[in-house]
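Below you'll find only one chain, the form predicted alone, shown as structure tokens.
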Amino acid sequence: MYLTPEEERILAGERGPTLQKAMEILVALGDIYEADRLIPIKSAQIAGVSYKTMGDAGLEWISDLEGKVQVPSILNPAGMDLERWQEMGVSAQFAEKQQEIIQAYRSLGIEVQCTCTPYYLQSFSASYGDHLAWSESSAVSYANSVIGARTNREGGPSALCAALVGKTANYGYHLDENRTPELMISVDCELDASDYAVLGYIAGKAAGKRVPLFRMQSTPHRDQLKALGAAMAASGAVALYHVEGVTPESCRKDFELPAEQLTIERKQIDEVYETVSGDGITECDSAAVGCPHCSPEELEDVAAKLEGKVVDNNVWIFTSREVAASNPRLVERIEKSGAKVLCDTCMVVSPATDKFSHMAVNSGKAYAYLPGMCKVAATIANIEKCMEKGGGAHSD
């Protein structure tokens, strides 16, 4: 892989040991994937934030780093709401470790916005064709597919290294030839808003790591595309997809239709709604919405569904701190029911979820991850049914 003279100096250690280690990792990745060079990135989104998944070894590693990131950089969700962690039932010991992780990242110049939906942040926009180094699977899918930006599914360390250097290796989804469809998926029915998460769960299992092209009877909007991509990234490993006539590259490029084709039918979607993921021998004892984090429009939908109702069980609504702060009336309307609007975290990466046995979710991503990562069974449903099944919502 070609390196500029300045990149060679960084690799030789002339800019300090942290940048040297970052460059070594980027060069190693470039060599493995046969990249020709490093390319500048516009921004980085860094995973490996929750103490639940990082542990002491991860905390020690980032605490030893020095320097500042070279591009706008934010974080993936942490293991708790950084302000309301006690309300979640998080222990003081966990909270202390989590705050140490946050401070270590802050010392590197990373903005402490812990969210899987960086594209909703006013100061963190991405545009068609931008090269990025994002690591959270649903954010990667959204950037590649809905925005038309270019990023690989970075690991936490590689995204951090790219942020420190300001560049990433030019391979994978940064290249045109890796962005063409490999599988045609036709959907033979009209879809409701909640169906896209289930469709993604089914499609991800079929697609694996391949790039699917969807032909749909319905026209999804951005939140539905977010749900579709998040589910495919979790049940499979899809980092890029196209929807005919909807997503930007499908509108700008004349793709050759893939030879392999499959059809997803209504009955397959209904079967997922009827199936508990994990050991669901108990009734739902909780509900959560916001995996990925809610948009303002989704908060409005939740608020409308809870209008005039109260919940008997734990109901968590996850969003970014910026979105919550920009929509205080929606937060107030939701919390009037007894539900909590939480920031900085989600049900998948927080240890607070472990106390539940069966959670109702509207997310294909959570439906895929909860049994394995949290040992919690999951039922997938639309928002209204989540509030009823998991939250025990009823008229006040």
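The structure presented is a predicted model; accordingly, all values stated were derived computationally and were not measured. All residue numbers are counted from 1 along the displayed sequence.
The form predicted together with a small molecule exists for this protein as well; it is not shown, and the discussion that follows is about that form.
Asp81 falls outside the set of residues with a heavy atom inside 4.5 Å of the small molecule in the predicted complex. At least one heavy atom of Val349 is located within 4.5 Å of the small molecule in the predicted complex. Put simply, Thr168 is far from the small molecule in the predicted complex: not one heavy atom of it is within 4.5 Å.
In the predicted complex, Ser135 approaches the small molecule with a heavy atom inside 4.5 Å. Looking at 326 to 334, 351 to 359, 41 to 49, 61 to 69, the stretch with residues near the small molecule in the predicted complex, meaning non-hydrogen atoms within 4.5 angstroms, turns out to be 41 to 49. Though the small molecule is absent from this view, in the predicted complex it lies within 4.5 Å of a heavy atom of just one residue from Asn76, Ser286, Thr247, Gln224, which is Asn76.
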